[in-house]
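Taking the form predicted on its own, here's one chain by itself in structure tokens.
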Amino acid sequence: MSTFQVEVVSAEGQIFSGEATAVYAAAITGEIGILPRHAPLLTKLKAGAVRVQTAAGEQAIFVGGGIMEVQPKLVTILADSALRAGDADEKAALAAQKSAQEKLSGAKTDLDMAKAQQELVEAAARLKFVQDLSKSAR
């Protein structure tokens, strides 16, 4: 079976590096699927799940936005923030969402409001990621 290299990195460090048969991510234009020998592509990612199909199974990673570069034998994801499925915590996701809602309600300037809205979008996507993981584990 044909594979390609996948690298997922964030400010926290390398999140994933390995061979994959497919990658699925939430691009700003919608869900995108990458298979071996995909045409070159550069796209922005929105907050959501990145699913990497490997020979050993699927690796789920939450990214809080970023950029994905696709080359025929390499996919690189530069994530604004990232979280491995094993590190996902529903309580932390709920706390992040509550904090973002509080910042939004207390925003005094347009800039504060825009930042708070972005945090709320990312927190909601993170919570959905965690809840989807719990559903699939059942």
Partner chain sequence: MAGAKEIRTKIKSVKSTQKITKAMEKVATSKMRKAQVRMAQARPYAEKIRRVVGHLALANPEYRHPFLVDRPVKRALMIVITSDRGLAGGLNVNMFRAVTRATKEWKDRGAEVQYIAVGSKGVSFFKRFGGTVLAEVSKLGDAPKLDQLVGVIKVALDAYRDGSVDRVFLGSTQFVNTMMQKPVLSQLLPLEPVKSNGLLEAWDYLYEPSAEELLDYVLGRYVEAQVYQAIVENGASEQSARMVAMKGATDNAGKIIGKLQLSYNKARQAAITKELSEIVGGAAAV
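Note that the coordinates shown come from a computational prediction; the quantities given were computed from them, not determined experimentally. Positions refer to the first chain, counted from 1.
A second form of this protein, the form predicted in complex with its partner chain, is not displayed here; the remarks below concern that form.
Q: Candidate spot 90, 114 and 122, all three in 4.5 Å heavy atom range of its partner chain in the predicted complex?
A: No.
Q: Taking the shortest heavy atom distance, is residue 69 within 4.5 Å of its partner chain in the predicted complex?
A: Taking the distances in the predicted complex, the answer for residue 69 is yes, it comes within 4.5 Å of its partner chain.
Q: Quick one: is residue 43 in contact with its partner chain in the predicted complex, heavy atoms, 4.5 Å cut-off?
A: Result yes; residue 43 sits at the interface with its partner chain in the predicted complex.
Q: Is there a heavy atom of residue 60 no more than 4.5 Å from a heavy atom of its partner chain in the predicted complex?
A: No, residue 60 is distant from the partner.
Q: Can residue 29 be called a contact residue for its partner chain in the predicted complex at 4.5 Å between heavy atoms?
A: Contact with its partner chain, yes.
Q: What is the one choice in 49, 83, 79, 96 with a heavy atom within 4.5 Å of its partner chain in the predicted complex?
A: Comparing distances to its partner chain in the predicted complex, the residue within 4.5 Å is 79.
Q: Which residues from 10-31 come close to its partner chain in the predicted complex, meaning a heavy atom within 4.5 Å?
A: Going through 10-31 in order - heavy atoms within 4.5 Å of its partner chain in the predicted complex - the hits are 10, 11, 12, 13, 14, 28, 29.
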